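Here's a solo chain for you in structure tokens, the form predicted on its own.
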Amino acid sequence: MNYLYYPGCSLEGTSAEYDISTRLLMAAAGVQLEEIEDWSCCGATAAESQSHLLSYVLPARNLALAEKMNRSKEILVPCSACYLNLKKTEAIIKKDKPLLKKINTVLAEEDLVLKGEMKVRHLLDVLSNDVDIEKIKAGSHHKMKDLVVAPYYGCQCLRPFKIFDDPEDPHSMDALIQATGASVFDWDMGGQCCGASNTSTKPEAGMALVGNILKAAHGADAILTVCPMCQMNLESNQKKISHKEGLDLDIPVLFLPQFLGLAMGKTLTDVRLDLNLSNTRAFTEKAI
């Protein structure tokens, strides 16, 4: 299996461990990734507030670069925000030809043209539907059977594109977790919003949402996620919310590829667990 790879900005900065563990896991699963040459920011959440056209041109540039490489017709995207921006552009240019014309007018400044040939795939979609789960089972070691982990999806990999999972009742991580020998934590918060950037702009509202998720995860050995924003919110606010609530809400938060990599025998250093902000000691004592 071969995919073009769009890491996005967060995976080169605050979520470098997501990028490292993703590349490591996909290589172990026999998947070849080829990074899109000269990729740039997808616009994140800021572009839309500045310009409707810009919010499409920025992801369109990356789609056009992918087309120009003339390799795989599928792009693997780990970051949920990047996935959403690239996916919405992929979808709208098939319907809105005047918009596509405007986009290509801008892209022409770099001698780029977008035709609409690429299919954007989230990492979780590829892991749950394309990767041979038997490779994960075969590579996993027995200590994972002592773990109970809570799969947390967040919003942007599930909504509004109902492609590979049910946004209201997601379960695409379940089989991957169970393949390692670990158990899936029984909860209904997997598809709930973490507050996204509201933790910065409207902290009371954002912290309340994060707190609800952390409290619901009580009893799990770890929370697994596939979104840099979700991971940052759930990790970085634990002490603050614990103090406010008078509760111990200390829980490890790992990216899914970190967890699967560890299950398949990769070391803590390999998956860069040292870059995680949450306290992972209790988790690693049971898992390693």
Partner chain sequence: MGQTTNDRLLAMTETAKEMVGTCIQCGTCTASCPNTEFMDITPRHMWRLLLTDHMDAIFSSKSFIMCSSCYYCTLRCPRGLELTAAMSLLKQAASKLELKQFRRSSLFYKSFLDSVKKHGRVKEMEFMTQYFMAMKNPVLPFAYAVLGLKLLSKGKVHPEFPFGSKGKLTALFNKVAELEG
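Please read all numbers here as calculations on a predicted model, not as lab measurements. Numbering follows the first chain given and starts at 1.
One more form of this protein, predicted in complex with the partner chain, exists but is not displayed; see below.
Of the stretches 162-170, 213-221, 176-184, 122-130, only 162-170 has residues with a heavy atom within 4.5 Å of the partner chain in the predicted complex. For the residues 29, 47, 33, 249, the 4.5 Å heavy atom test against the partner chain in the predicted complex is passed only by 47. Not displayed here, the partner chain is kept clear of residue 243 by more than 4.5 Å at the level of heavy atoms in the predicted complex. Residue 270 falls outside the set of residues with a heavy atom inside 4.5 Å of the partner chain in the predicted complex.
By the criterion of a heavy atom within 4.5 Å, residue 13 is counted among the residues contacting the partner chain in the predicted complex. Taking non-hydrogen atoms only, residue 116 never approaches the partner chain to within 4.5 angstroms in the predicted complex. Contacts between stretch 40-78 and the partner chain, counted in the predicted complex as any heavy atom lying within 4.5 Å, involve 40, 41, 43, 44, 45, 46, 47, 48, 49, 50, 51, 52, 53, 54, 57, 58, 61, listed in sequence order.
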